[in-house]
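To begin, one chain is listed below as structure tokens, in the form predicted on its own.
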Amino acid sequence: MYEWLEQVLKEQYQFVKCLRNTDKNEIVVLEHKTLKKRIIKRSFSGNSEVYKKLLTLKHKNMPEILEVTEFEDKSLVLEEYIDGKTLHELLGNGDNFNDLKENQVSEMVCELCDILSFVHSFNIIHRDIKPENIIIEKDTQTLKLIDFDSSRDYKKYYPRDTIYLGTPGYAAPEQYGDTSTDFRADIYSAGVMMNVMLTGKFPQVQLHHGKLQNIIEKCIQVSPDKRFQTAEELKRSLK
């Protein structure tokens, strides 16, 4: 299946651009030669368990997963191409940072909570919530959560995560500890991202002061037990 799919892509699609190319994964945009429809192709080392589960799921706040296959230790995922800009691109950085208003942040994070509630209900922890993994669709302005490469299938009685993944600054402390992460790791990352959306900085550097300050502080508590316990609870606090 893996080799056959690679051959089909080579024959029917043309390369558009590379979005990421590291030792661990490659993400490229392909376009059908006749239909001119674009897709995302992800190639990475490791297990595709989460993507196989996502293959059967659909939600307005994430790209549709079109195909998943494995060969030895390699995985290949095809997914819907989202025409839009990442939150990282929209925010900018340094002197060009475009801070958002609190009501804008609340609206966007409420959408994020919707997709987190959905994937959490299927025992999927994203584990890499950050502006680079949020796309705002061009035509609809709908928020899309992308990149489930670091995600894991939550198993309650696993003693700890087998692989430490996530982005420094955004990843919850327990993602680097000796315990197993659960859905509250995504709550932590969402809180950090809210602060970045408002200030351009991580909360330990500059904490946002305003109506959302208490919500951010609760999200980023070191102890998961002191955070919002679910994405639904976080959304209610933002209403």
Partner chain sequence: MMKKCKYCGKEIHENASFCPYCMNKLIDTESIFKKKRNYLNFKKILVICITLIIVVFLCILIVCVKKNNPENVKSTENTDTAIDYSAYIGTWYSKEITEPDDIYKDGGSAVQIFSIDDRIAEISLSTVQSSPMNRVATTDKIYGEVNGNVIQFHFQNDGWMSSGDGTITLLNDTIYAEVVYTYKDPSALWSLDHANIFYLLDSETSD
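Residue numbers count along the first chain shown, from 1. Values in this document were obtained by computation on a predicted structure and should not be read as measured data.
The same protein also exists as the form predicted in complex with its partner chain; that form is not shown, yet it is the one meant from here on.
Contact annotation for the candidate site: L5, I39 and E64 all lie close to its partner chain in the model of the complex (heavy atom within 4.5 Å).
Residue contact with its partner chain in the model of the complex: S121 places a heavy atom within 4.5 Å of it. For H32, a non-hydrogen atom is located within 4.5 Å of its partner chain in the model of the complex, even though that partner is not displayed. Within 4.5 Å of some heavy atom of its partner chain in the model of the complex lies at least one heavy atom of H59. Although the partner is absent here, F228 sits far enough away that none of its heavy atoms falls within 4.5 Å of its partner chain in the model of the complex. You can rule out all but one of 182-190, 42-50, 66-74, 199-207: in the model of the complex, only 66-74 has residues with a heavy atom within 4.5 Å of its partner chain. Residue L78 is the only one of L78, M108, L91, I135 with a heavy atom lying within 4.5 Å of its partner chain in the model of the complex.
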